[in-house]
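Before any questions on binding or motion, here is one chain by itself as structure tokens, the form predicted alone.
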């Protein structure tokens, strides 16, 4: 086969894959009518199938519809085997300094600091570079079970430029220790009684930034990156909480010290009690890699057959198992969706046949290939910050 034929075949496969993703997303959206129907309408129910309500949720629970410029979260009961990719309009959205609309014709991405070749790229420059696809799911560092029921979550197929290629072309100097990513979203902060203008920014150590899976994403689920998700370019750091994935990216800066901006040094910082040597101390850590986590989000019924569905997120470490426990029974193995990949969310399901009538408690746990087990809430260290909620989450429901 000639190089031209290989290139054509590769391009055809890429187009077919993107078309399949669009079809999957659009089918899920049509099934749920997410944006046009009332928020209590739930998708992907087969004929004769019904959704079993959780008794730990209000009977009239609903989430607001997505609106431009606003925070948005999923109704996690909508997550099913038919919604492996979250529709772009329903993927969760959080922002801190609004949603800037960058001029695409004048857009520039700068690489500055301790590099041999400071450089500036236009959007056309980035679009012309070799690109790759990656499935990646993540959640907000403040995702939680109460109120929003784990709704700050999403999973998508992303396409863009490999970050490492740009850093290698720029030539990171040996003195460079930290790489800072600045967004085009800018706000005013009061620091020590002084108002200062700050851009949203996060940083990575050079070794983390050089991972070959990190991406400057230009597309999401086969479409140009939407405005609310960072148009025209966002950073994608697979296996990290959403805060690391800087939107509206405008500058990459290499420096010789730790970056201590608000969203690294003061906010998105977890405060918890740990053993340090032989002392118990309060320890602060920036929110970075996703902790090993699973959660049950949906129970459906078809006659006397019930199906329990949930998701797993982690830092990309391979999984050993996902298990579900019903009441005081044994842990039972659940099945993981075969479409799952290293950095995507991993949807799981387990059949539940002929349960007794009455109230039940169900909970999941995940174990990774290194033997790490998702802890129960009682096993977690004392914590006073609202970040990194990854303990087991029991759900309750009533079978009639």
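Positions refer to the first chain, counted from 1. Quick caveat, the model's predicted, so the values are computed rather than measured.
The protein also exists as the form predicted in complex with a small molecule; that form is not presented, and the subsequent description refers to it.
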property	result
Single option in 145, 232, 238, 242 placed near the small molecule in the model of the complex, where near means a heavy atom within 4.5 Å	242
Listed residue (306, 107, 84, 91) with a non-hydrogen atom within 4.5 angstroms of the small molecule in the model of the complex	91
4.5 angstroms heavy atom contact with the small molecule in the model of the complex for residue 183	yes
4.5 Å heavy atom contact, residue 176 to the small molecule in the model of the complex	no
Partner proximity in the model of the complex: residue 246 to the small molecule, non-hydrogen atom cutoff 4.5 Å	yes
Heavy atom of residue 140 within 4.5 Å of the small molecule in the model of the complex	yes
Heavy atom contact within 4.5 Å of the small molecule in the model of the complex, the stretch among 221 to 229, 116 to 124, 160 to 168, 203 to 211	221 to 229
